[in-house]
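This document starts with one chain, in the form predicted on its own, laid out as structure tokens.
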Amino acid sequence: MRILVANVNTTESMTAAIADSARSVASPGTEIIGITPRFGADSCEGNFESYLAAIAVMDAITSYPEPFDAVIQAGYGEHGREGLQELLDVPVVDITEAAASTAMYLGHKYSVVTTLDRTVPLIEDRLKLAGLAERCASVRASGLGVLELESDPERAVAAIVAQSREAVERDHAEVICLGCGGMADLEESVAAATGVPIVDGVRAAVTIAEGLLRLGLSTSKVRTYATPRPKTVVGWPLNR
């Protein structure tokens, strides 16, 4: 099977890291293809960038020239997963929902540790929309920008570990979800510091996508995610 893993920003090095993380848990025979949008911001840390990313990811996925079996949307928060589900006949898995739903198998309450504080409401809203908020103990910000995860990894680990400890000790979280696609490969460090299961959304999404494909399941098209009705759309990037 071939799974497209779409970065929501335009930073190629982050796309490569996300794809490598996905490959680390992919089954033999599963091909992981990292996708970088052709336009958009170099990191997504607010509503404008998130909505821009939604269009950019739809453009990138629908422009991919080869067949594929599933899509993973590798961004935390609101990046247009529903639009992709309308456009595609294959499973679409969002890493925010993949991490949270996986965490619910592992403990009574989970917390999300993310990047900047301004992204917290976006993640909270996505969890509410997905019906996953009831068992969320907290969404905590590390105070780091997305690109700092790459430029200053030691500081990133320290900040994420500190907030993860707070989530466990103060918020009574029993599982931690790493709240950014760029946090791939931090599970070991955070697990060692907190003693609780750590869920990376990219890796969780790969296992969910593979499971859906093995079960022969995909998005229902009878109502909410039906294929868009034919219309004249002016200036849309997908028209190219």
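We number the residues from 1 along the sequence you see. Remember, predicted model here, so these are calculated numbers, not experimental data.
Although not depicted, the form predicted in complex with another copy of the chain is the subject of the following passage.
Using a 4.5 angstroms threshold between heavy atoms, E188 stays clear of another copy of the chain in the model of the complex. Taking non-hydrogen atoms only, T207 approaches another copy of the chain to within 4.5 angstroms in the model of the complex.
Although the partner is absent here, T102 lies within 4.5 Å of another copy of the chain in the model of the complex, judged by heavy atoms. Among residues of the shown chain, T36 is not one whose heavy atoms approach another copy of the chain to within 4.5 Å in the model of the complex. Contact residues in stretch 194 to 213 (any heavy atom within 4.5 Å of another copy of the chain, taken in the model of the complex) are G195, V196, P197, I198, V199, R203, A204, T207, I208, E210, G211, L212.
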